[in-house]
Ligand code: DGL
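One chain comes next, on its own, written out as structure tokens in the form predicted alone.
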């Protein structure tokens, strides 16, 4: 049981940023990653459709004998995590915009929360804002996820999109920027280039992996000390054979840059 893999799923390639963090912090574990690239994006879908697609992704991971599920997608977490915890007998770990750690940083100014429209609209995010949202500004960012999916991490198109989203807020001090979609860490360099030097960019990846480690320990599911982990199986709903190669390439990018 303890040598079984951890399952991760996302609407596409963004959750690979979480996978890279997990490989770094929990290297003895093996992983199965499912990217629902045939149905991307989740961020502009009705919540009932996101729930249906997330269940299908979980079913694929369960078929590989996964001992825990990480929903490496802010939108799918907001919609599906609570219900899936009721339905499954294994740990289900979600991710949410890292507003709490951003709010605890020193300094004054706005906290810009970059995320999809669905993530910002759902009750889970509203509850997060009620607790930690002093000076936080939700910024819906349509189009950024699609850039990452196409491998466009820098350049004129990315910069033009980011300028459109960030410019209205840069006339006031910015304390931090929350990367509230797992695709956005791949855009760290482009985002930082438009902000005052030293502005923190905060994502939920490390906190999610810490929670994964805690839940595995609580359930006595951590891989044994002698287990050589770090193996990754990629799955996709896409029929394009190039998708699996792009997943491997994105993991290499994440491990080198994030």
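Positions refer to the first chain, counted from 1. None of the values given here were measured: they were computed from a predicted structure.
Another form, the form predicted together with the ligand, is not on view; read the next lines as being about it.
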**Asked** Might residue 145 be said to contact the ligand in the predicted complex, defining contact as any heavy atom within 4.5 Å?
**Response** yes
**Item:** residue 57 within 4.5 Å of the ligand in the predicted complex, heavy atoms
**Value:** no
**Message:** residue 204 versus the ligand, in the predicted complex: is there a non-hydrogen atom within 4.5 Å?
**Reply:** no
**Prompt:** Contact between residue 79 and the ligand in the predicted complex at 4.5 Å, heavy atoms?
**Reply:** no
**Message:** To test your reading of this chain, name the stretch in 130 to 138, 116 to 124, 157 to 165, 83 to 91 whose heavy atoms come within 4.5 Å of the ligand in the predicted complex.
**Reply:** 116 to 124
**Fill in**
Taking the ligand in the predicted complex and a 4.5 Å non-hydrogen atom cutoff, the residues of 56 to 93 making contact are 73, 74, 75
